[in-house]
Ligand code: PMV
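Here you get one chain, nothing else, as structure tokens; it is the form predicted alone.
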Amino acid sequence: MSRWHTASAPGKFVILGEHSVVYGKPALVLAADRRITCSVRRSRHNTLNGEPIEFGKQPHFRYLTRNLRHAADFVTRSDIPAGAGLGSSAALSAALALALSSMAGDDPDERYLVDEAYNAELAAQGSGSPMDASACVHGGGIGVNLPGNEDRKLWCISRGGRSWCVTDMDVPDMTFVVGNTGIKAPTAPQVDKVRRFTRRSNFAAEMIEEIGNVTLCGYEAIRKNDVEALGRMMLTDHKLLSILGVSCKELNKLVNAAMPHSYGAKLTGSGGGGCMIALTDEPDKVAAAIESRGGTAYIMKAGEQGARLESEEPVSPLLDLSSYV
């Protein structure tokens, strides 16, 4: 057997701008301090976590191994809950793309990894923006379609008549608490729901535009390290996303539970379940409040390092990939 090649990538959470970013509006995203790790080596048979791999049931693997000319063993591990709005599938794609590149003897740049991870996401979900892939590959913080940031531009990606310019963003010292409802909500159906709404309603299109405006106000708050203003924008964003129909009673319950000890709180990701986030200086109190309402709380620091190579030893197979189909 050949040696293992291992890479990891962080999850992410959206501070402001989910759903509207699909339509070319701005978004603010931070890498989370939870990661997915993938190991790969040449083999006689294709296996995933010790079992024969069915590429037809693993669209991310199917896309990323499209040029592989030999069989391989894959082993995966995740600290990121799947279907929770924390970028698990983008992190999986980024880590796998980097591990495969290492096995091929390549040293890819970030743009290559973003393209691979984004296209793998499209192959699995059919639609979306390069926001998650960019955050999981680059790490730290990113802004999407922020005006006046030419000196910090990372890349621009166009698809289907829309463009997304991604810039590096400074990450102040902020603490967030993520509350997981435990409801798995795949991204594609939520994105499609908003698309149908915007096609039949000018009101929905106005909500998309307003989310973009709120995101720009939130960016100014981050630049000034004004957590109170940022918190207000987060709560406003949550209300707008609720109007679009992508929140749910479980998310609203956790947002309301977090508010007494937070600057602001909102759903994060595509919605329909999954997670919310709260910006706070009292993370233990917020975590306790979320747990008391039936959620699972994670205290997180933002600005985690992006996709990176790890040791060559295989990781423990702890990732249930049925959630990524």
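Note that residue numbering begins at 1 and tracks the sequence as displayed. Please read all numbers here as calculations on a predicted model, not as lab measurements.
Just so you know, the form predicted together with the named molecule exists too; it's not on screen, but the next bit is about it.
Asks: Just one stretch in 155-163, 184-192, 103-111, 67-75 has heavy atoms within 4.5 Å of the named molecule in the predicted complex, so which one is it?
Replies: Checking each option against the 4.5 Å cut-off leaves 184-192.
Asks: Quick one: in the predicted complex, does every one of 34, 38 and 96 get a heavy atom within 4.5 Å of the named molecule?
Replies: Not a single listed residue reaches the named molecule in the predicted complex, so no.
Asks: Please pick, from 131, 233, 120, 169, the one residue with any non-hydrogen atom lying within 4.5 angstroms of the named molecule in the predicted complex.
Replies: None of the others qualify; the residue that does is 131.
Asks: Taking any heavy atom pair closer than or equal to 4.5 Å as contact, tell me whether residue 85 reaches the named molecule in the predicted complex.
Replies: Looking in the predicted complex, residue contacts with the named molecule include residue 85, since a heavy atom lies within 4.5 Å.
Asks: So, residue 262 and the named molecule: in the predicted complex, are they within 4.5 Å at any heavy atom pair?
Replies: Residue 262 lies outside the contact set for the named molecule.
Asks: Is residue 302 close enough to touch the named molecule in the predicted complex, meaning at least one heavy atom pair within 4.5 Å?
Replies: Looking in the predicted complex, residue contacts with the named molecule do not include residue 302, since no heavy atom lies within 4.5 Å.
Asks: Please tell me whether any heavy atom belonging to residue 21 falls inside 4.5 Å of a heavy atom of the named molecule, as the geometry stands in the predicted complex.
Replies: Although the named molecule is absent here, residue 21 would touch it in the predicted complex, with heavy atoms inside 4.5 Å.
Asks: Residue by residue through 262-276, tell me which have a non-hydrogen atom within 4.5 angstroms of the named molecule in the predicted complex.
Replies: Going through 262-276 in order - heavy atoms within 4.5 Å of the named molecule in the predicted complex - the hits are 269, 270.
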